[in-house]
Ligand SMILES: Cc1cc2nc3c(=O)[nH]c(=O)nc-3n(C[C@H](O)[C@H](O)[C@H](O)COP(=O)(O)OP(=O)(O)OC[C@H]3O[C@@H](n4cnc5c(N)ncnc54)[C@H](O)[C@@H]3O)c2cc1C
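Single chain ahead, written as structure tokens, the form predicted alone.
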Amino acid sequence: MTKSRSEHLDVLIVGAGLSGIGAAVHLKKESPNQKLAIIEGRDNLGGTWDLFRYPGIRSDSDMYTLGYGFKPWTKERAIANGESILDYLWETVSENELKQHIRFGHHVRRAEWSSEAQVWTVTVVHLGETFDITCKFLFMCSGYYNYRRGFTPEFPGRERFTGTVVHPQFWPEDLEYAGKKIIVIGSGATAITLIPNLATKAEKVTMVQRSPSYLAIDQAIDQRALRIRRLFGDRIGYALIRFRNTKRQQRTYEFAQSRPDQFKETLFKDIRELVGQDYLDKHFTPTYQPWDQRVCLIPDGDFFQAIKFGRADVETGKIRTFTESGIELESGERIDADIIVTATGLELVSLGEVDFVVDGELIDFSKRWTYKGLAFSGIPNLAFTFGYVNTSWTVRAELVAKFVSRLLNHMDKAGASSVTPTLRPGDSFMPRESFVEGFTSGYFQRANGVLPRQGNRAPWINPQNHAATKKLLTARIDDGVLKFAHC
């Protein structure tokens, strides 16, 4: 039974991870008249950094860009572990007096817009009680993957394996792996992070990959950044490093796209020096082009160090079946294990698996056009945060938060009760492109029926270029596409 509560908010933020906390800070500073709250399904903030607890969990981007522009990262390591990131988030909450605005353990089930009332009614479950909260504007900062389950392919014979099977998204706190033989299935960031950390205690860790990924070795501690901080101080130094690193990430991506062979060689040179040409050819030379999928970061080459010193190994090939004692590849090779870790990826969802209804119509976001990569055609007073795939997530997330702040201020000044991205004549005939164009990672391909589409003209685009995105999200609010209503 749904109980009605009298609470009404100007802005309801869903999600208390990096995106949601950052959004709340920007709204408080730039749109201070808005009454807001943050609801979070988990019992802690952090999102990804609270959910994932596998050994070695860390950022895949440097913290000078994954951190917020308004809060300098002051720890020594640029590539930070999950615990440090959580500490950073809690500091942000404390410094900006956000705790009073966060409601933990609140799960959103449904959001229904009424054009007559000009409000969202959000159905929430907390401690077994179901109730409604109404709000003028709904800001979804819940990430893009399913928190309840990860992606695991069907492996023939899985039931035959007598050992333990673990998905990294649900790592058991009491899992004892010291002295064990471990197979890690996968070749993405999770597998690459897990293996050197497991290898410090395990008897042997073997990565089994269907095909290789691009791997880039970089320093966990950025010595040049530390010098800049010593010279200019934490706040100015941080701003300089953040600007430098964002530009460098974008230049690296553009270089990879325009000169893929040269880019490959810069990666392969470092790998070759650690594990040799034969190993490089067999296990670390992908068949696709760089940045068609994410390039995995290897801080201080720890993954390759584990291979070099015999604590880890790699096998490339398709899995034929699980066996009683491990797995068998299509090549016929058998690998024994006590534990098999299925680091096989994420399952993407659209806006946190919430049912969205507008004036009685259940919304299918895959049939909608994305407005600037942050809103949807025909859906009023709704924004969502989606970061970059080729640059740190937070860099774009903050641009989205600032845009939403400006949008709310514009609405207040104009006396508007709602705003709706609306297709212009001819826009509906645009070619329907993927939400992130040219990105072929499996978890995105599996989500083609979930995410919205982009077109071939502004503002119905979602560029992965920072300069283009910044221009798009700092342009005038009243662009002729956003239609404002007054009640």
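Residue indices: 1-based, along the sequence shown. Keep in mind that what you see is a predicted model, and the values were worked out from it rather than measured.
We do not show the form predicted together with the named molecule, though everything after this point is about it.
Listed residues I327, C141, L408, I307 were compared with the named molecule in the predicted complex; C141 is the one with a heavy atom within 4.5 Å. T48 is the sole member of S418, Q34, T48, S434 with a non-hydrogen atom lying within 4.5 angstroms of the named molecule in the predicted complex.
The shortest heavy atom separation between A23 and the named molecule in the predicted complex exceeds 4.5 Å. Within this chain, Q454 is remote from the site of the named molecule in the predicted complex, having no heavy atom within 4.5 Å. The closest non-hydrogen atom of S187 lies beyond 4.5 Å of the named molecule in the predicted complex.
None of the heavy atoms of T370 is located within 4.5 Å of the named molecule in the predicted complex. Partner proximity in the predicted complex, defined as non-hydrogen atoms within 4.5 angstroms of the named molecule, places exactly one of 102-110, 284-292, 196-204, 271-279 at the interface: 102-110. Although the named molecule is not shown here, in the predicted complex the stretch 8-33 places heavy atoms of V14, G15, A16, G17, L18, S19, G20 within 4.5 Å of it, in sequence order.
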